[in-house]
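Shown here is one chain on its own, the form predicted alone, set out as structure tokens.
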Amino acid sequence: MEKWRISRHIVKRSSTSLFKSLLSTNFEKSINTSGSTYKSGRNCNPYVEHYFQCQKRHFQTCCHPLRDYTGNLHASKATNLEHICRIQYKSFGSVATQIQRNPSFSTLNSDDVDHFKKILGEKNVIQDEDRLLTANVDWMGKYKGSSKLLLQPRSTEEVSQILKYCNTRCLAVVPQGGNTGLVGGSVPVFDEVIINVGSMNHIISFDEVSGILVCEAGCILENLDSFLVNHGFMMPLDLGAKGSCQIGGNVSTNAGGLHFVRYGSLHGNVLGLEAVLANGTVLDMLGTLRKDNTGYDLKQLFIGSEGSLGIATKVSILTSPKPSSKNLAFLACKDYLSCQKLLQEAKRKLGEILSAFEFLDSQSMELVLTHLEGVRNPLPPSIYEFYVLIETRGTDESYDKEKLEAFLLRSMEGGLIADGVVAQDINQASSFWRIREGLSEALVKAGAVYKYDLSLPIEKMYSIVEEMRLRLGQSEKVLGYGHLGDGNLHLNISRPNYDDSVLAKIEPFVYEWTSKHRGSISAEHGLGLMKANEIHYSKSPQTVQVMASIKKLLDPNGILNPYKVLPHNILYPEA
């Protein structure tokens, strides 16, 4: 019966019709623009605070733009603010009480505001409480700052003037784009001045021969993709937050996304950057060459630096030709070993057309079906142990369809697939992606959630999910899903409310386990505020020391996105 069923689905419901693969799952990550600085003005003695750790993570939006969801989230009154603060404290755990404002930073005054108005004009210096509320809180309501000022520069020169002044005054700043971050990296911790580059949203040039796009950092990812589609190209990055996240933030966090297995990292796709250092110096690295081996490749320092080394203002990126053929299969597997073997076979048999390989477990499927309106099980009535989404992209509809169907039939006959269906149109494909991309939204609706973004050897990826279930017991819901194609697990613990005793069972166990298996505690979301003091689980002391040296060199006053990315006792051992 199972063979007949999947054969029927594959053969009768398959289609070469193009579908739009909806927003990808990882927001991956925080939306700061990069940051860097040289010393200017009086010397600050930054960071008089201890280690800090928090509890927050993953993020995605599914079908609707995150901006709308975030707007609804933040349209709250003072009572809701108090609630958010309580959530933040619980999500951080007891360690949150150790975070202290760096007394070396100056406090904003009216003269500062007047100076910024001279640079930007009245309307781009925001002090309105409602607008500040939105900018001060992350989209999940877990991280909340208390900034009194939001600046909206419109050019690189304005960013330069702002940073030069802030560095002289020792005013801490937080670069911000779409504020779609997952680790507290894109919002203030205390009263840092917010510099939002969203008004810098112009496309500067596009070369239709090479596919190289040059644009400002505030361009929304989805808008860039729409522009490119009209020219027969596409962005190599696809995120669930694409309707809100900005390219500068994507670069600053080295965002991964759904199609990483096909198009790779931004470290490879970004050809050039323009960044402003903390002393206002504009660093022009905005090259458009595929090959340039002259000296150190400094732009790589800013990719993934989470706004701690400089503010990215322009980006040059290599885009990809738009595929004319897309197919999506939603499959069920009996166990995790079958998922692994299916991935191995997909890489061998689908080869150049494989563009995504995602997985989720039964607990994840049940959560989505329970908490997301309109979502249906593509393979009723059963709930299987594991589900896999395989997407292909190519240039020949007939060839791609036949290749995918042959692969699926062989995998079914070999027992790797228990059931499955291939999307026959755009709407069906969208409904499949909605399940995978809606997981973070469903987790928020379900209550409190502890989120972890881990990179692990594929054969070990699901073991930590199983061990965490044994560790926490049956009373806690432990979910595992993510980008199986590139070894990225999103581990989530869902419960009605935050509890320090539960957090104590999760951490540091989750980091120790990951380190033991030579994994990374941040696959694509960054470190931000949440894991700044946990970096040693993934990086050697010598490596972290070099990072700290670079930070001190470029930002000796420590004004750029403070309290994040690196441990403060390493940066400033005298504190």
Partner chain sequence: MKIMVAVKRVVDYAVKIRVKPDKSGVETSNVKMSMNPFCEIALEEALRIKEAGLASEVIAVSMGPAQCVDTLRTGLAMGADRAIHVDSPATLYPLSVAKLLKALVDVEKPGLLILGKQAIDDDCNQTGQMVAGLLKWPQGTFASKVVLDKEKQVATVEREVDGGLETLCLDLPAVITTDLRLNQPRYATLPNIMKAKSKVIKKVTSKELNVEIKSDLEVVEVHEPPKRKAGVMVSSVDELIDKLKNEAHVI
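Numbering follows the first chain given and starts at 1. The model shown is predicted, which means the values in this text are computed figures rather than measured ones.
One more form of this protein exists, namely the form predicted in complex with its partner chain; it is left out here, but the text below deals with it.
In plain terms, the part of the chain that comes close to its partner chain in the model of the complex, with a heavy atom within 4.5 Å, is 415-423 out of 167-175, 186-194, 415-423, 352-360. Taking the partner from elsewhere, residue 432 is found to have a heavy atom lying within 4.5 Å of its partner chain in the model of the complex.
The closest heavy atom approach of residue 118 to its partner chain in the model of the complex falls outside 4.5 Å. Contact between residue 408 and its partner chain in the model of the complex is found at the 4.5 Å heavy atom cutoff. None of the heavy atoms of residue 239 is located within 4.5 Å of its partner chain in the model of the complex.
Checking 499, 225, 397, 112 against its partner chain in the model of the complex, a heavy atom within 4.5 Å turns up for just one residue: 397. With the partner omitted from this view, the residue of 288, 134, 201, 428 that lies near its partner chain in the model of the complex is 428 [heavy atom within 4.5 Å].
In the model of the complex, 331 is the single residue of 329-343 with at least one heavy atom within 4.5 Å of its partner chain.
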